[in-house]
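First, one chain by itself: the form predicted on its own, in structure tokens.
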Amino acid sequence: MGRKLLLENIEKPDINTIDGYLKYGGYRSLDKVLKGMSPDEVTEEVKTSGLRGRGGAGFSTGLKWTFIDKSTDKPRYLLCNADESEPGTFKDRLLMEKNPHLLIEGMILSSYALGCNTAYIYIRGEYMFILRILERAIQEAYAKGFLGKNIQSSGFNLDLYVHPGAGAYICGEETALIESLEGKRGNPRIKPPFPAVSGLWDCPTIVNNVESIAAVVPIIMMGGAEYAKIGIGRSTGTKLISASGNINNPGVYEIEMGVPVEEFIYSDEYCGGIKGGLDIKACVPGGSSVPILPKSLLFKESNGSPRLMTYESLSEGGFQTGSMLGSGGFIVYDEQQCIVRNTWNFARFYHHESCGQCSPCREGTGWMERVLHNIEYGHGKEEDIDLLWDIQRRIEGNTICPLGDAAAWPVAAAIRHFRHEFEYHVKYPHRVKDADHVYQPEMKYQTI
């Protein structure tokens, strides 16, 4: 059984209240900090821990904090990215719904380290019921003196607000989030300047994911060096994984970095194997935006070593033989799943969610969706497969924000590893009976 730092008390019935949270050791990290640690010491502990952004980018959280401009007289802001719109990802929802005070304590600790006196939790519009949970928890924290003026008689002030978005995937990108928070359309900004220098209302701003901020609490409690002992290499600590697809035990799991992918899929402690006793076909390990890994690359690295649930192992070899840990949205496909259909479904999403600011993304995502639709429904041509490859190649790296890359990578990986399925759709369109089919190992389709 792996170590639990964020989900340790998640099933306690009263953990969502401040009294329950305090009963199970809540706000002890804050007490430790306010009684004997400077802001720079808190930042140093987070750097020592090796914590990397849990929202997908995997950049060092502590190092990111050091970028904030402290030379200006402008106020500084901490923004929590609780948008969580990546298909296949639902871990932050669990944390906020079940243990909101863990996030709030993390926000206070992080704000203290950054010298912020105002912080925001930007939450996706579809999570309105969680917004009410967070607002109630924030009121409890104010009442107990953990928020507001002179927190716990320390002289530190912090006001915390929850701001709902309108359900736009693009607002998961930090500068689009800032634009939305300012009341504007959520279009990503051109960088530089980066938010740490000029972010919310042109002030120094740090944007971190829910899980990243929540992880600060155990890091401070146990110490950065102890946290760094968990995991392997530069992938330290624990990671929340949202597991879904054709598995027996879908849900959110907290793993120690370094668990073999095969163990995560087949162990009863985690996914419990493939539903119905079928064979595994492929997996998207980090949310819909990361490249798909076929079974042949899923369990072994190129040198024969087991592929691990780490940033480095899942990206080993680049996108030719690897993928990304990303946001931890772990989607498993069994042998009957049609890769063309799943790729088209992802393409529909990214076309719908493109903000339209960049022409490669605005035009290219729609083009990919239409071509994939034609192939999926038996109207494709052989040259359409190469056309898809060319479109995704022209999108990747040519947009202001990573949404273009997120739309291109799944298409590229699907063609790279499963070109034969695209060719099958083109060659045997009469066998693609309707939208509700599954792919058979013997290259036949069956209506369900």
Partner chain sequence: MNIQFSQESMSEINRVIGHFPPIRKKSALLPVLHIVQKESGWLSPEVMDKVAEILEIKPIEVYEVATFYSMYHTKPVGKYVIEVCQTGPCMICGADKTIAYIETKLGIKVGETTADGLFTLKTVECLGACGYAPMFQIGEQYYENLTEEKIDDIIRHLSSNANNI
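Keep in mind that this is a model prediction, so the values were computed, not measured. Residue numbers count along the first chain shown, from 1.
Same protein, other form: the form predicted together with its partner chain, not shown, and the subject of what follows.
Here the chain stands by itself, but in the predicted bound form one stretch of 359-367, 83-91, 302-310, 214-222, 83-91, has heavy atoms within 4.5 Å of its partner chain. Contact here is defined as any heavy atom lying within 4.5 Å of its partner chain in the predicted bound form, and by that definition not a single one of 27, 103 and 240 is a contact residue.
Though its partner chain is absent from this view, in the predicted bound form it lies within 4.5 Å of a heavy atom of just one residue from 373, 184, 234, 295, which is 184. Just one of 259, 137, 355, 280 comes within 4.5 Å of its partner chain in the predicted bound form, counting any heavy atom, and that one is 355. Heavy atoms of residue 314 never reach within 4.5 Å of its partner chain in the predicted bound form, leaving it off the interface.
Contact annotation for residue 199: none of its heavy atoms lies within 4.5 Å of its partner chain in the predicted bound form.
A residue is said to contact a partner when one of its heavy atoms sits within 4.5 Å of a partner heavy atom; residue 180 meets this definition for its partner chain in the predicted bound form. In the predicted bound form, residue 272 stays away from its partner chain, with no heavy atom inside 4.5 Å. Using a 4.5 Å cut-off on any heavy atom, the residues of 126-145 that reach its partner chain in the predicted bound form are, in sequence order, 126, 127, 128, 129, 132, 135.
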